[in-house]
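Okay, here we've got a single chain as structure tokens, the form predicted alone, with questions on binding and movement later.
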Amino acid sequence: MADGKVYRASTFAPVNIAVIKYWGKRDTKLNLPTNSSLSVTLSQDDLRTHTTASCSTSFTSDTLTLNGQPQDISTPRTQACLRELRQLRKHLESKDTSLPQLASLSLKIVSENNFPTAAGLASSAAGFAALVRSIANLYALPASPTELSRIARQGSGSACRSLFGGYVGWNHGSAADGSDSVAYEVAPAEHWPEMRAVILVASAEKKDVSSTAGMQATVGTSALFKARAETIVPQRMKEMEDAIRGKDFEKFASLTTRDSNSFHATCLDTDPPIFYMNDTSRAAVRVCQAINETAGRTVCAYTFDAGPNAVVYYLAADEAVVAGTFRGILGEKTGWEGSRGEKVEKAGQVPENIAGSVDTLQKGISRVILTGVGDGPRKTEEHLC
């Protein structure tokens, strides 16, 4: 293989937003979580990482580029993923000597996000899922999404859930080596395709406190954390899986908002306290509450990851009342373009008693993203290098 031939494979991988949150690690090296979690995979038509993995004898070292900027590929997390993927390829090559010896070649990995990176929009989840899936395709590995989720987890915990579409659980596991800490499908996207989301982007800046640093601070200092990890989350996992399988939106919404509140309560209970939500985030909560009160039923549910951006879930049948209300407030912001956004009509007046929250949203939101539940990683012939 001295001819300099370039082998390559590309994939799109989705963002996932947890409705039962992962927070805290029982093993930082292996990225093993203290509690299980559950997420909704969002449509790649709206939010995705596009990654091309290539290898060749002409490459002199492993390299990684994200959004046109060179990245440090020597980090332990990235190296753990590369090491395991190469081991799987070496196993194939040892069984079939006719295969090209790709495992020994340097890798060139190029990725692009179509959404702000490191701003609370699960960029690392989509990024590591795309990295693992594209290299698995390059190496022609027969590994299942579950097996690949174990590898992706070592790069970014929530990345394991982006190896699946639809509604995805991540078992925290009990084995010391992390072999049972893998993602699994709760239900495919087509089971409950009516799920929609509007993301209110409150900040596209990098977070003040990274998720990794925040998690360990919470584990070490929050008095609320133990009860959440050991009692609250296990019960909510069972209830959320039942809600999804039964397509019970009211239950889904209640669990989603309560778990988001619980997660951020542990962040506030950390010493020193961690503030991922801001005034704009809290204004979004009040507007969601007002939408439900006006509708006379639960039509939307908010959730916040480790950042200020609100993800508001609702069903397609309620798009006019939910997305329509936000368009009435944020109609001048970027994100309403396109066939779907243009169909959303501005809803009526929001209650006067939340006028302050409306004003805060108008000042604090930079853009909106309309999306919905989607599928898992997609192989593509659109190569970035």
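Just so we're clear, the structure is a prediction, and the values are computed from it rather than from any experiment. Sequential numbering from 1, following the sequence displayed.
Another form exists, predicted in complex with a further copy of the same chain; not displayed. Remarks below refer to it.
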*asked:* Using a 4.5 angstroms cut-off on non-hydrogen atoms, would A223 count as touching a further copy of the same chain in the model of the complex?
replied: yes
* Asked: Just to confirm, N171 within 4.5 Å of a further copy of the same chain in the model of the complex by heavy atoms?
  -> no
So, in the model of the complex, is A189 in contact with a further copy of the same chain at a 4.5 angstroms heavy atom limit? no
Exercise: M277 in contact with a further copy of the same chain in the model of the complex, heavy atom 4.5 Å: yes
From T146, S106, Q79, N261: within 4.5 Å of a further copy of the same chain in the model of the complex by heavy atoms is N261
Contact with a further copy of the same chain in the model of the complex, heavy atom within 4.5 Å, among R89, R150, R196, R228 goes to R228
Testing 266 to 274, 240 to 248, 107 to 115, 151 to 159 against a further copy of the same chain in the model of the complex with a 4.5 Å heavy atom criterion leaves exactly one stretch, namely 266 to 274
Residues L30, Q44 and D62 are flagged as a possible site; in the model of the complex, is every one of them within 4.5 Å of a further copy of the same chain by some non-hydrogen atom? no
Contact check, 158 to 181 vs a further copy of the same chain in the model of the complex, heavy atom within 4.5 Å, ordered by sequence, gives none
